Structures are given as structure tokens and as C-alpha cells.
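Only one chain is shown below, in C-alpha cells, and it's the form predicted on its own.
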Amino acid sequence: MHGFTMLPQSQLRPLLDAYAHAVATRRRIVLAGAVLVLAAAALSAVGAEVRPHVFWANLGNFGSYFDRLTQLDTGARVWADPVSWYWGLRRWSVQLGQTLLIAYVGTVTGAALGLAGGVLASRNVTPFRALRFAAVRVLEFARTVPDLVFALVFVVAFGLGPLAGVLAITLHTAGTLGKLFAEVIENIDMKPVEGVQATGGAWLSQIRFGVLPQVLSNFASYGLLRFEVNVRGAAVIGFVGAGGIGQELIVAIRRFYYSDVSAMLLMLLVCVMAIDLASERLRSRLLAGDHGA
């Protein structure tokens, strides 16, 4: 074994002191940051009127409501009579399918618009500052306005039905994915783009052959993740008449049809879980293929 030489105490002591000082400084910074976060949380709780005593006092009501969801009108548990529990299975299945279609069409259309917006908002591939500014502002507006608000506007404009839901999902998806796509594009290797440009390729050719091959797997992964989110969103915007199972669900909630509410929630939960599992596998394969390439 090779020995090691200890520094003289006169040289070692300043180093140890400097290390101890650095550790103490870092601890003070972390402590100060934690105090600021807790203080901000406390002030936010006051502003949002968060009252823990009210929460604890009414926590039993929350549990009793979910207990009521597991009971039929006869008082029996829902799993004791599945036929009565899912008396509206055919109609609910059609509405759930409509929710999936709303989410799918909205995701595909929104992803296409988000791709265009993401390219235009990227600093490294769009040289026109005014165009970039306009694209960024449009994407900000689209993702800032909640899809539920978009749905309310489109219901007023186009009437009740799936069209309002598709338009709401499309706009919000375009804004969200456009931001993500722009960030991915801004981190690509510019050499392929410069190569296409050097051969005389137009701007669209640079995007098609220099940018897209580098980012398609990430785009597909983000699109699949957004589809999962949009399935849940499509169910919620149905509350305002934008089509899908949400319309039936809000009626059951308002009329206190507890077993119907639990039946539809379970269908939606199973559907979302299946989509999550399938899209997770697809995303893993896409990212694995991208890293392998």
C-alpha cells in the first residue's frame, strides 16, 4: 500500500477552516431559504383563507360522502349488485368513448398547432424577432386561459356538444405543447440545420431535415403525456355542456345519484389507468430508441 503524506498543521488548518466556513455558509443559505418558503406558505395560506380547524371539523363529511358513493338506493353496497350499479353501462360507455374522441382530436390538432407555434417561438431557428414575439404571446394566451373557460366560451358560441370540447382542448394543448416544443428545439444541435442551409435548403427544408429528426421522439412523448391529461380535462369540461361523460356525471352529482357517480368515476379511472400504462410503455420505447440512435 502506498502511504500518504499529511500536510503540516500550519498548512492543513487554513484548509479545514475554509471548508468549515463553506459548509456553515451553505447551511445558513439553506436555512434562510427554508424560512422564506415557510413564511411565503403561511402568508399564502392566510390570503387563501386556509383554515385547518375547518378542515379537521369537516373531514368526516368527506369520508361519509365517499361511503355514500358505495351504496345503492336500496342501502346495499354497489359491489353486491353490479347489474343495478351499472344499469346505464351502454349509455355511459358511449359517452366515455365520446370523451376519448374529444381528447384525441383535441390532442392531435393541438399538437400540430403547438408544433408550428413552437418552431416560430424558437430563437435558434426563427430569425425574425417580431414573429417570435407574436408566437410566444399567442402560446402564452392559449395556455394561460383554462380549458374550462375556453369550453364555456365555445359553448356560448357553438352550442352544447363535443365541438366546444374539441376546440377548448385544442387551444389549451397548443399553448402548452408549443412551449415545451420550443424549449426542445432551442436545445438541438444546430450542425444539421447549418448543413441543410449550406446546401441551399430553404427555411422549411431546414426545419424538415435539420430540426424534426432530432426532436420527433420527444414531441411524441410530450404528445402522449398530454393526451393523458386531456382525457381527464375532457371529462371536466363536460360539466359545462362540452360533450362527453362529464355532462352525465355533473347531472348525477347535482341530483345526488350517488351510485351512478361512483360507477362513472370508476369507468373513467380504469380508462385513464389503461391509457397511462399504454402511453408509458410507448414513451419508454420512443426515448429508448432515441438514446440508442
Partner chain sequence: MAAALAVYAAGLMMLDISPTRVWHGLGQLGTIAGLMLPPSAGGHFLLYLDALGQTLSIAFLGTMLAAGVALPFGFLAARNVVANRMVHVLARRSLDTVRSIDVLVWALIWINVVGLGPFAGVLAIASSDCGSLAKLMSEAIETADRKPVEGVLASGGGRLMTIRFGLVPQVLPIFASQLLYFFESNTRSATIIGIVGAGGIGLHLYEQMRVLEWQEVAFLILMVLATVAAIDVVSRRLRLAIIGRRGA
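Positions refer to the first chain, counted from 1. We call the rigid core whatever largest set of C-alpha positions still superposes within 1.5 Å between the two forms. This one's a predicted model, so the numbers in the text were calculated from it and none came from an experiment.
What comes next is about the form predicted in complex with the partner chain, which does not appear here.
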Just one of 115 to 123, 180 to 188, 159 to 167, 82 to 90 has heavy atoms within 4.5 Å of the partner chain in the predicted complex; which?
159 to 167
Kindly confirm or deny that 58, 239 and 254 each have some heavy atom within 4.5 angstroms of the partner chain in the predicted complex.
yes
Since exactly one of 206, 221, 98, 214 fits, which has a heavy atom within 4.5 Å of the partner chain in the predicted complex?
98
Proximity of residue 145 to the partner chain in the predicted complex, heavy atoms at 4.5 Å
yes
Can residue 31 be called a contact residue for the partner chain in the predicted complex at 4.5 Å between heavy atoms?
no
Could you confirm whether residue 16 comes within 4.5 Å of the partner chain in the predicted complex, counting heavy atoms only?
no
Close approach of residue 138 to the partner chain in the predicted complex, 4.5 Å, heavy atom
no
Heavy atoms within 4.5 Å of the partner chain in the predicted complex is the criterion; list the residues of 22 to 50 that meet it.
29, 37, 40, 41, 44, 45, 47, 48, 49, 50
Indicate whether residue 256 shows a C-alpha shift of 2 Å or more between this form and the one not shown, with the rigid core used for the fit.
no
Does residue 229 count as moved between this form and the one not shown, where moved means a C-alpha shift of 2 angstroms or more after fitting the rigid core?
no
